[in-house]
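So this first bit is one chain, no partners, the form predicted on its own, shown in structure tokens.
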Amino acid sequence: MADLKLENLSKRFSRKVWGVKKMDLSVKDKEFLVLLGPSGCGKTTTLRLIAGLEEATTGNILIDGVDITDTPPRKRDISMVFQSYAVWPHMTVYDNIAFALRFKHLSKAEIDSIVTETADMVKIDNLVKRYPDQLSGGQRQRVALARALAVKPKIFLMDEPLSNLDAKLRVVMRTELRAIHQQTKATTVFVTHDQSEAMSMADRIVIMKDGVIVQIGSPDDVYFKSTNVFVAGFIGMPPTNFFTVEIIHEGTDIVLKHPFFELKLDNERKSMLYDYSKRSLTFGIRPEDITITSEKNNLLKERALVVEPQGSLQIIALKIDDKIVKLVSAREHTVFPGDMLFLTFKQNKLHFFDIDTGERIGDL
């Protein structure tokens, strides 16, 4: 396998439209890296630049320290799996997998061995004599995956390969893809807009917005230490709840004042705001960190607006200051719309952000 490095990489489509802006990124050998972001953020453009399907406007692409920026796609030693499968309709599964191997001048016995091994790995060994129109969508995607794996590339690229599958099969396939990666140790760059895929599969996640990297980190990093309001709001389902609050100093205490509640901070949370000079801030609290409590210990109270049963959990929507706020609660005590709820926040799970820039304040 290999490591991959992008240096000051940019792609400009027109005077005003940039696909990617000055990207610096290192992918470690054997790493499973996920590019995550909303549609139009530049993640697929980045993948196509690495593959050589797009020409870079500026910057360099290096594999194992060798600059391949101007190298033709076929000579980059890269395999790519597309969203649309892109398998040859007139070829059997066997011939689809063997296609690129034949250009390597391998013997028939060597090709047979590789095709058999790869088909078995992706669980289509019983389908090698079939044609694509005899396969389901999930099976065709496995063929595309096997074809890419068979040539044992230095870099393995996947562009939303699961997006055309049904929800249940997507969950199965992402587990299998992760297992295949652990078996092959292929250096992989995977593109998705689905945060569940990213969180469950990635060694590291690169979150992009408007062609720029916003944050790079492990799944835990981007979830628990979101670098700004955008990341905190994008990662997590339901997303983070945000409140704009006034900072009140009462002697040595700091109180966050909102029209619906006043939150006195503990010592650790106070220390995060010592150097913050503005009079207000945005704080975020994830739905699972809002707790239903007793009337005596509540921070705020509000009636449930909507309740969404989710098996062992329930998602409860409230309206606070004309904003929808969601919390996640166990089903031990079922809540019904209209029920009065007494709520508090887990102080050690508060996220503070600058009122103007949206950037994170302090750390947890």
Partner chain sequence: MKKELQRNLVRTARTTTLYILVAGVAMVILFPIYFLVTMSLMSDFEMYNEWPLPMLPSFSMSFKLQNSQKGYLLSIYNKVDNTYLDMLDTNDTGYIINFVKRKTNCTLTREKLNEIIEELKNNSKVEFKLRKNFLLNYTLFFRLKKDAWPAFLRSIYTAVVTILISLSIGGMGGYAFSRYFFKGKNFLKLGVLFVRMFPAVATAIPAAIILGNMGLYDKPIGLAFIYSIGSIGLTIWITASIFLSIPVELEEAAQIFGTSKAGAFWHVTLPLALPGLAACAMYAFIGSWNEYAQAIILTQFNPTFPVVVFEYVLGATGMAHLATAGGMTLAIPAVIFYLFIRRYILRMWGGVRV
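Not measured: the values here are computed from a predicted model. Residue numbers count along the first chain shown, from 1.
If you look for the form predicted in complex with its partner chain, you will not find it shown, but the lines that follow are about it.
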- So which of G233, P89, P259, G137 reaches within 4.5 angstroms of its partner chain in the model of the complex, heavy atom to heavy atom? P89
- Which of L177, I78, I290, A119 has a heavy atom within 4.5 Å of its partner chain in the model of the complex? I78
- Contact test in the model of the complex: R48 vs its partner chain, heavy atoms, 4.5 Å: yes
- Message: in the model of the complex, does Y274 come within 4.5 Å of its partner chain, counting heavy atoms only?
- Response: no
- Query: Quick one: does P73 come within 4.5 Å of its partner chain in the model of the complex, counting heavy atoms only?
  - Reply: yes
- Any of the heavy atoms of L127 lying within 4.5 Å of its partner chain in the model of the complex? no
- Joint contact, F99, A148 and V151 to its partner chain in the model of the complex, by non-hydrogen atom at 4.5 Å: yes
- Partner contact check in the model of the complex: of 140 to 148, 274 to 282, 233 to 241, 182 to 190, the stretch with a heavy atom within 4.5 Å of its partner chain is 140 to 148
